[in-house]
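Shown below, as structure tokens, is a lone chain in the form predicted on its own; questions about how it binds or moves come after it.
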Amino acid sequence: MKINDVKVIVTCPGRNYVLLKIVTDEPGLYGVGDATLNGRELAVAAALQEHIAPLLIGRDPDRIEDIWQYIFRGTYWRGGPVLMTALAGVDLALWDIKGKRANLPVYSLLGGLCREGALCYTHAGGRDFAEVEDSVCQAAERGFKVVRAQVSIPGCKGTYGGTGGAFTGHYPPEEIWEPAPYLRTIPRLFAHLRERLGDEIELFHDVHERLTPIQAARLAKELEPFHLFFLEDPLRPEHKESFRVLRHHSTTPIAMGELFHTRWECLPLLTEQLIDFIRCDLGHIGGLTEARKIAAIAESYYVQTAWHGPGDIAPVTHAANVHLDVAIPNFGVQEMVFFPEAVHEVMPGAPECRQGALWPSEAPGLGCDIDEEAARKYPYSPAYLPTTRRADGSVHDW
């Protein structure tokens, strides 16, 4: 079996996606992958079309690990979000081919089921505490047992996860954010939610890397009485040692990892047990091949997984998340989103959500497909993530 064609498909059924279709010389056998990097989609598409696709023609798609290492090491300047996202697209398509050839769902190739479904969470937000409370209640009514809670911060413009942000448009929208009102507001939010909703529903919060180490330690400590499921992304990803400050001041569980691109970025947080949940994005760390290695390392240090699952990765990656979730012993929780109908039209086969859990497809491979004709109906549209600034005009973390 050989690879005889690699198709890169850029489409925008609501937001931009970079999809990959690897076609083999066996009639009708192909694999689908997702190589979407929000805000830099065309950079990944160019890397695939101009540099990586030509290297794949004529290779045996069954040799996933060898192809992974060949692409990762072959550039010499390895790693980084663009190349690791491109590699993820290739990797997912190869696993899809392997499953289809074996006539088995991918989770079976990863060792089989450890659980029937994957506990998942949804997002709740609002302009004030009452709106957040209503949003959490609506999620609970839909069967969710774990909910992320965000709220708009007084005096700040475009608070992450609160009233929502503009992700489309040619020029990046700008948000204004300040730490002082944020640090006052978030403990009050969770005091309100626990008083009104009790302890039965699991709640957590996403800082989105906006705090200094001592600010994050203060927040984590003040949130201890409300027993968060975890505090997500409290610090920037660059300086791993900063997590020691946070860990030494609080027992609030910590989740981190969506901005990492290799297992080596995760290592100090895992081996020093500085986090409780590793939440890399399978679409940005090289796919299933790298994620299962990260999960295996994490298992040794009692760290659970909480893979990134936003709307800016395609259903193919969401499917890969769930296949891995149900096949590893140290799974924790899975982020999910409800895609608009246009996304399902272009990429049928997303995991099914029932009663607060995601269920993998029983179809061979990952269970997703690409409708190329439908994809052509939704051409690429330039879009950027927002830029966050402090009140004095300086650029801050997103």
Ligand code: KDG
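In this text the structure is predicted, and so the values were computed from the model without any measurement. Residues carry their position along the shown sequence, with the first being 1.
Keep in mind the form predicted in complex with ligand KDG is missing from the figure; the text below concerns it.
Practice task
Decide whether residue 38 counts as a contact residue for ligand KDG in the model of the complex under a heavy atom distance cut-off of 4.5 Å.
Solution key: Residue 38: contacts ligand KDG in the model of the complex.
Considering only heavy atoms, tell me if residue 148 and ligand KDG come within 4.5 Å of each other in the model of the complex. Yes, residue 148 is a contact residue.
Is residue 290 close to ligand KDG in the model of the complex, meaning a heavy atom pair under 4.5 Å apart or at it? Answer no; every heavy atom of residue 290 is more than 4.5 Å from ligand KDG in the model of the complex.
query = Counting only non-hydrogen atoms and a 4.5 angstroms cut-off, does residue 310 reach ligand KDG in the model of the complex?
reply = Contact with ligand KDG, yes.
Exercise. When ligand KDG is placed as it is in the model of the complex, which of 203-211, 70-78, 262-270, 237-245 ends up with heavy atoms within 4.5 Å of it?
Worked result: It is 203-211 that comes within 4.5 Å of the partner.
Within 4.5 Å, heavy atoms only, which of 374, 10, 385, 23 is in contact with ligand KDG in the model of the complex?
The residue in contact is 385.
Note to self: Going by heavy atom distances of 4.5 angstroms or less, which of 160, 177, 190, 229 would be at the interface with ligand KDG in the model of the complex?
What the structure shows: The residue from 160, 177, 190, 229 that makes the contact is 160.
Query raised in the report: Counting only heavy atoms, which residues in 262-293 are within 4.5 Å of ligand KDG in the model of the complex?
Result: Heavy-atom contacts to ligand KDG in the model of the complex: only 279.
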